[in-house]
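This document opens with one chain alone, in structure tokens, the form predicted alone.
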Amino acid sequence: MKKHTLGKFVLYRLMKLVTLLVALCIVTFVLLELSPIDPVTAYVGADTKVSAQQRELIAKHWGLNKRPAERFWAWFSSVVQGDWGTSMIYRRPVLEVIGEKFVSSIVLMMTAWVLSGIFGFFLGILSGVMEGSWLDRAARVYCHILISTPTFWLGIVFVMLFSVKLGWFPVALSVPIGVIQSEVTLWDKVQHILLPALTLSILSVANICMHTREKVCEVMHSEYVLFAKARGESRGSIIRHHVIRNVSLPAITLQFLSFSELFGGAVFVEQVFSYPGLGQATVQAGLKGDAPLLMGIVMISLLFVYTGNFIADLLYVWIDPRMKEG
């Protein structure tokens, strides 16, 4: 791709990102205003008795006594200047809270992302190469079951089986309870992240496996593979030189496009396993009406998903020569 064409492409995507950010922030703020949750009641607690004067002071402190349009404009202006506000739940800057939670979530999501990509890709290749066999049928049944399986239900089943009954993994959290942070070892963190990552990765396998299988079946029935068989090439040689090269691009693209599903699944997984990540913070912010934190998480999640889509587009252009002219 020429430099000026690539520059136009990047500029167009950046303009699209800014537009999406503004639109998503407006929609999120409107939905928060329409929700039945009272931020002041959520802030002090439903069981806590406070006077009307105290409620007014709390609302004034957080700017909740202003009109919705004024509050949104004040928040938007501060975000443009680099100040994302203060979280009502954590009483800390939103960027600081998101940075802390995002580190935990990104480790969980990337672990699941790598596992699902590798397992789904190779399972799809095996299923496509052995089309019609018992392995192919088993793989398709497995994928169809996974597609219809709720994330939270699978997480609960895994907790009951592997944590409660077998005792192989901790039940919840990201570190052991009652252990000082300086004494938490790498193995402790690995033990706590394995089961949530396994739950998230298993559900992400289905799409990659099924799409890879369809592409492999298409390649295996192509004329150049038929010519390779007539020339005496072995099945292993055909898979290495023809199948993998042709199915890698769709698989890689689909893997990066799965960022949205990955983030959405992480919200449920973190709730089931009480994993202190961005997904759990999203649920808390929504239930307690913490507008600054929820708006910040929405922006970060959009950037995360959009980055995956952007990388997928760049890979398409870089890997496939036919896309460079377009």
Partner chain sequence: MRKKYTLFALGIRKKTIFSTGLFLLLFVWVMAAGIFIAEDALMVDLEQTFSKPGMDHLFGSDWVGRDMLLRTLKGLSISMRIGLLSSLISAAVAVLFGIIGPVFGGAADRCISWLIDFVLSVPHTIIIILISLACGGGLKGIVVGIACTHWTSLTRVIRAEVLQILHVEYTQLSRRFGKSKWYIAKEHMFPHIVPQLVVGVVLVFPHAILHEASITFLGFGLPAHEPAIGVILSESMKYLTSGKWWLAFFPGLCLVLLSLMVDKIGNNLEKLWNPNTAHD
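Numbering follows the first chain given and starts at 1. Nothing here was measured: the structure is a model prediction, and the numbers come from that model.
One more form of this protein, predicted together with the partner chain, exists but is not displayed; see below.
Residues with any non-hydrogen atom within 4.5 angstroms of the partner chain in the predicted bound form fall in just one of 245 to 253, 139 to 147, 216 to 224, 91 to 99: 139 to 147. Although the partner is absent from the chain shown here, none of Thr111, Pro196 and Phe310 has a heavy atom within 4.5 Å of the partner chain in the predicted bound form. Though the partner chain is absent from this view, in the predicted bound form it lies within 4.5 Å of a heavy atom of just one residue from Met160, Ala74, Leu135, Ile118, which is Met160. The contact with the partner chain in the predicted bound form, taken as any heavy atom within 4.5 Å, belongs to Ile156 out of Ile106, Ala228, Met130, Ile156. The closest heavy atom approach of Ile37 to the partner chain in the predicted bound form falls within 4.5 Å. Although the partner is absent here, Leu11 lies well away from the partner chain in the predicted bound form, with no heavy atom inside 4.5 Å.
In the predicted bound form, at least one heavy atom of Leu20 sits within 4.5 Å of a heavy atom of the partner chain.
Contact check for Val272: a heavy atom falls within 4.5 Å of the partner chain in the predicted bound form.
Residues of 238 to 275 that come within 4.5 Å of the partner chain in the predicted bound form, judged by any heavy atom, are Ser260, Phe263, Gly264, Val267, Phe268, Gln271, Val272 in sequence order.
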